[in-house]
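Here you get one chain, nothing else, as structure tokens; it is the form predicted alone.
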Amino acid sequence: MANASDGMNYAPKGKAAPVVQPGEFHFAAMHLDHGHIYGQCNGLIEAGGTLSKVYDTEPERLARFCKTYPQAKAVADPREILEDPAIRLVAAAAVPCDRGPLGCVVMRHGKDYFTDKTPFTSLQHLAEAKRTAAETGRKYMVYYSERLHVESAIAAGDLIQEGRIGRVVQVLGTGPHRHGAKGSRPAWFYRKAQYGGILCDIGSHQLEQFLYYTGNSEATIQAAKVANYRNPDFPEFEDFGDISVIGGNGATGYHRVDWLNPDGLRTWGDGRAVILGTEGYIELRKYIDVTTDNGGDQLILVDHKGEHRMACAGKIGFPFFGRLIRDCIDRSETAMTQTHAFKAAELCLQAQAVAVKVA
């Protein structure tokens, strides 16, 4: 039977790998509009963070969150989080169009911010966040979960750093998602001003991976397309998009995202990546190895020594979260640089802006 999950409730769990003592790093959760907030919190808790407070506007959503995390005190006013000096970081998964402004509020209250992707729906919000981060010295970090919370994707980065496939010259990425039954999504999901467009939204995963795996700090969008093939009842919705990108170092990328994942698949999306190097290539089968019982997190490496398959689930861990906590304490940049987080966001906004609508 097909798994009913659609990615909205994607919340991986890994091995505890605390980098701080209990109670040393307090964080809070705000605005639970997207289920990724559970993945964000899981990662921080496993790294030793203490989830102490939560705020949301919907009682049902708040109750469900507190059932999962009974240690979190529900508060009725966001100021009880923003003005609490014990809280160092705020994790949030607000409606996409609200993420940028919320981050600026959090940073101006002297706290670091950890938002779900996509981090912005407009270049204006990005520019304001850049200014606020620079002025306050606070972090605006992003949950690019398709790399940060997938063990095979982390392993691929390690192999690239080791030089196993030489210089990376191209990344092919696919990010299919299951849309689910009509009416099962919140209203903002279908309003372009609120969700930003498909390339802005789930395309942000893809462009972040392109920058990371190719070692680029700059890139140019060569072409982009969007379409609504299957959802005419929602004219502002895009269920297909693709991007061609060229990195500053000459590496190229092609990335396809969609909401057309068939119901017969056992999970919410057959996310894959093929990373081509001058000395070999890596294929990632992130969430499922179709028609087998291998499970997800499959990494296939082909190099001059031969063919290799690695089952990564439960073996790699999720180091981003511990590094983020240490970065917040030490004011370092070991998890992700601020420049990288903002550049990935900028590219997806640029791709969305130039995209040709083909259907």
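Treat the numbers as computed from the prediction; the structure is a model and nothing was measured. From 1 onward, residues are counted along the sequence shown.
The protein also exists as the form predicted in complex with a further copy of the same chain; that form is not presented, and the subsequent description refers to it.
This chain is drawn without a further copy of the same chain; in the model of the complex, the residue among Glu128, Glu283, Glu80, Asp98 with a heavy atom within 4.5 Å of it is Glu283. For the residues Lys73, Lys182, Arg266, Arg108, the 4.5 Å heavy atom test against a further copy of the same chain in the model of the complex is passed only by Arg266. Contact annotation for the candidate site: Thr174, Ser244 and Ile300 all lie close to a further copy of the same chain in the model of the complex (heavy atom within 4.5 Å).
Shown alone, this chain has one stretch from 286 to 294, 323 to 331, 27 to 35, 45 to 53 that lies within 4.5 Å of a further copy of the same chain in the model of the complex by heavy atoms: 286 to 294.
When contacts are judged by a 4.5 Å heavy atom cut-off, Arg64 does not count as touching a further copy of the same chain in the model of the complex. At a distance threshold of 4.5 angstroms between non-hydrogen atoms, Glu58 is out of contact with a further copy of the same chain in the model of the complex. Proximity of Ala94 to a further copy of the same chain in the model of the complex: non-hydrogen atoms within 4.5 Å are absent; the residue sits far from the partner. Among heavy atoms of Lys315, none comes within 4.5 Å of a further copy of the same chain in the model of the complex. Contacts between 340 to 359 and a further copy of the same chain, taken as any heavy atom within 4.5 Å in the model of the complex, involve Val356, Val358, Ala359.
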